[in-house]
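For reference, the chain that follows is the form predicted on its own, supplied as structure tokens.
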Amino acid sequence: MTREDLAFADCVELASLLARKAVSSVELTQLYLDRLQKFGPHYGALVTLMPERALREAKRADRERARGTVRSKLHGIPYGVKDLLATKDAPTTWGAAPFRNQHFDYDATVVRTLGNAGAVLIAKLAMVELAGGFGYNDADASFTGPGRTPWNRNFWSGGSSSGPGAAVSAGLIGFAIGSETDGSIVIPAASCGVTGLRPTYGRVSRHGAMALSWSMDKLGPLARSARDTDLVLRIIAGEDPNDPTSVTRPFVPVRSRPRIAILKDARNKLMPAVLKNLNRSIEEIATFATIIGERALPKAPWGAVAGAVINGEAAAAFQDLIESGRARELQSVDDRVGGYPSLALRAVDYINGQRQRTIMMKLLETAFADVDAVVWPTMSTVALPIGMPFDKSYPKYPGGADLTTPGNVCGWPAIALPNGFGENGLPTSLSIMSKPFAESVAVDVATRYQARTDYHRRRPKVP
């Protein structure tokens, strides 16, 4: 196996290599440190490299393995985290210039849990400033510059987990932890041709993570395969006394032949390649699942409710930044003023939004009661071009029905995975949403799909 092959191996493969002592954790860690240092800035993916901590943890992992102690299947595997997770060994910048020297004296629960599992933290990865809470409209929205998809540097790696998406895609890291409030795991996964899993709200502790919207924020893995995301999620999941919203729930058993619905009107106004690849993916899924036809998204003010909730909670989270005037230090011109309207949000709008969510949860549950999962295209297009406002990028392809916002409003899990390629050599993506705490169902469908296709194994040309 070449160093390039090693860099792009998924976690399951890396675990096998480490178990056979075909490679050591130190060797693997040094490989990824070198690649991050060389290529991380090239893709706008890196904030802080952590070589001292990384090599210390890798040496510990090798010593323990030599003694016969293996903490988990992630033992000795290097990873990175979106730079909204607190780490005591490096700044936690939240992607924003006003916080670039911010330090915490503790590790976020997810970081601590992965460390206890033997994984090796090697980097803090780039993100859209404040996780996009102030309404940015172009890719240049971080003090580290725009994230770039390794498939074509002229296009965005997606937000707000831009660094995790690019780093996994370019083989700079074994896996990464990102966050999602309204698309920030699945969109980078789609833009970068990797697999991203958004867990159920409450499945993973957010202690030590920057709060954008406390009632919608979720942490989850981006990786090179669906089986990797399952592996990581099972380690980081569970109740944490430091996060009262976190819970421990069993992983749902999967059916031998799951019942899958297609989201009605999801095929509307898509780029031709996105539509072609979606149809082909559905045909492939039909070989091992029962496609029961289309199911419609219930009519409800999904976007308005998401906006009221996120804006209200973001205004509270960043009140000091807005009122101090330091928001003017942000990179995006939209972000410099975007917080002020949030402060003016009426309390009645926020409260009514939260009331509507209760109704919406019941609507979604009823709409998909007879299915195990629902599929739709993650994005209506390929990755967005850098240097152009998002709302001007692909006006011909606004897309049709989409479950990204409804799923986040209701706290349902979803997985996004590559399913082909389109314009400018960029990847397209398929999303699969399952019911609350049934991540295993969506992951099972994704894993079986990936066993029959090789899109998740395709590699971008990394200079």
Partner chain sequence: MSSRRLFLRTTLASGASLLLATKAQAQTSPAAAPASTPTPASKPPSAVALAQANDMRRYDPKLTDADIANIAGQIDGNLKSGARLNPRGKRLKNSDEPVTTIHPCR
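No experiment lies behind these values; they were computed from the predicted model shown. Positions refer to the first chain, counted from 1.
The same protein has a further form, the form predicted together with the partner chain, not shown here; the description that follows concerns it.
Although the partner is absent here, Val111 sits far enough away that none of its heavy atoms falls within 4.5 Å of the partner chain in the model of the complex.
Although the partner is absent here, Gly293 is not a contact residue: none of its heavy atoms lies within 4.5 angstroms of the partner chain in the model of the complex. Proximity of Thr404 to the partner chain in the model of the complex: non-hydrogen atoms within 4.5 Å are present.
The shortest heavy atom separation between Gly95 and the partner chain in the model of the complex exceeds 4.5 Å. With respect to the partner chain in the model of the complex, the three residues Ala273, Ala289 and Tyr449 uniformly fall beyond 4.5 angstroms at the level of their nearest heavy atom. Residues of just one listed stretch (85-93, 100-108, 295-303, 364-372) have heavy atoms within 4.5 Å of the partner chain in the model of the complex: 295-303. Shown without its partner, this chain lists Ile187, Ala123, Leu219, Ala226 as candidates; in the model of the complex, only Ile187 has a non-hydrogen atom within 4.5 angstroms of the partner chain.
Checking Ile285, Leu233, Ala209, Leu384 against the partner chain in the model of the complex, a heavy atom within 4.5 Å turns up for just one residue: Leu384.
In the model of the complex, the residues of 357-376 lying within 4.5 Å of the partner chain by at least one heavy atom are, in order, Arg357, Thr358, Ile359, Met361, Trp376.
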